[in-house]
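Below you'll find only one chain, the form predicted alone, shown as structure tokens.
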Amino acid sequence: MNKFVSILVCFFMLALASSALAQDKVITMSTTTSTEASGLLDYLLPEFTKDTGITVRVMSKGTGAALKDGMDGNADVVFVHDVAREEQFVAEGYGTQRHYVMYNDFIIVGPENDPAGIKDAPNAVEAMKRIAAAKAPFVSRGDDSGTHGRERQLWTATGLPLTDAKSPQDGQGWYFSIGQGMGEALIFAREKLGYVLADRGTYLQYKFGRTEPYELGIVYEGDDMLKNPYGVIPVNPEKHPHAKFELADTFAKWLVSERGQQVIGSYKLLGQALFFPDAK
């Protein structure tokens, strides 16, 4: 009987050791909603795990909130898209290094009949001015995300009177700030038959990657102000000693390796690339 108990104890100890080892190879990533809503992470992360044995636990939110997770030590790595804030994050010692990973672009999505007449606008700033002049419904994420940050840059460049939050002062009745992610903003814009600034990857996923129809189309694209670069930053263990820096650094370096870049570039929807490798 004692021998049987000893065998059970051995198996139990082995199981505990195996569980602890598995937990040691798990990192937490805080990332923008567009990497998840576009379907990229469902495609990318299994390949990373297959290559390294490391599992990535994902927290999806706006870029500002994702960076706050890194500042507070609630994540091991951040994967976001707001270059200025990413560089500040590193400069203040919260991250070790920003790695260029990929880019896509922002687009302005709206009704096909384009009530504000932005399709032929000479640039994105003029497109935003026309939306404001027409008081056409416009949906803002309003969530301090990278997309929201770019929208605020565009409104600032228009020279229009703005609130402290960098939204149009005369937005009552047509400007809707919803404080939610990209997917929710796209759905709300459809309900309002309005315009919304979106990243191309998430839009294509909602337009072509779901059974539910999505009626809004791309009405403005192509301006240099709409380029959307993404970076990955391991959290600095000098700020947060509990951060799993070696595993996070492995993830960052895999993303910018030839293998990681190939996986990113091969992610397509109906033959259309959603992201473009951009490791430097």
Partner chain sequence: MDFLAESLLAALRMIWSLDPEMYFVVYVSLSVSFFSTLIASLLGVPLGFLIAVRQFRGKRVVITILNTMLALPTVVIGLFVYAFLSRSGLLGFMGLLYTPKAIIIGQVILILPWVATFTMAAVSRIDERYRNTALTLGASGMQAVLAVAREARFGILAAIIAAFGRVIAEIGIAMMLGGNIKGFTRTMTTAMALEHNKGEFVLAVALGIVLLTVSLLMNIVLQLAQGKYGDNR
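If you superpose the two forms and keep the largest set of C-alpha atoms that fall within 1.5 Å, you have the rigid core. Numbering follows the first chain given and starts at 1. Quick caveat: nothing in here was measured; it's all calculated off a predicted structure.
Omitted from view is the form predicted together with its partner chain, to which the following refers.
When you look in the predicted complex, the only residue of D120, E92, E191, E112 with a non-hydrogen atom within 4.5 Å of its partner chain is E191. Contact annotation: of the candidates D76, D143, E86, E151, the single residue with a non-hydrogen atom within 4.5 angstroms of its partner chain in the predicted complex is D143.
With its partner chain left out of view, the stretch that reaches within 4.5 Å of it through heavy atoms in the predicted complex is, among 120 to 128, 174 to 182, 201 to 209, 153 to 161, 174 to 182.
Mapping the unseen interface onto this chain, H240 falls outside it, with no heavy atom inside 4.5 Å of its partner chain in the predicted complex. For the chain shown alone, I187 is a contact residue for its partner chain in the predicted complex, at least one non-hydrogen atom being within 4.5 angstroms.
Proximity of A133 to its partner chain in the predicted complex falls outside the 4.5 Å heavy atom cutoff.
Proximity of G39 to its partner chain in the predicted complex falls outside the 4.5 Å heavy atom cutoff.
Once the rigid core is overlaid between the shown form and the other one, R210 counts among the residues whose Cα shifts by 2 Å or more.
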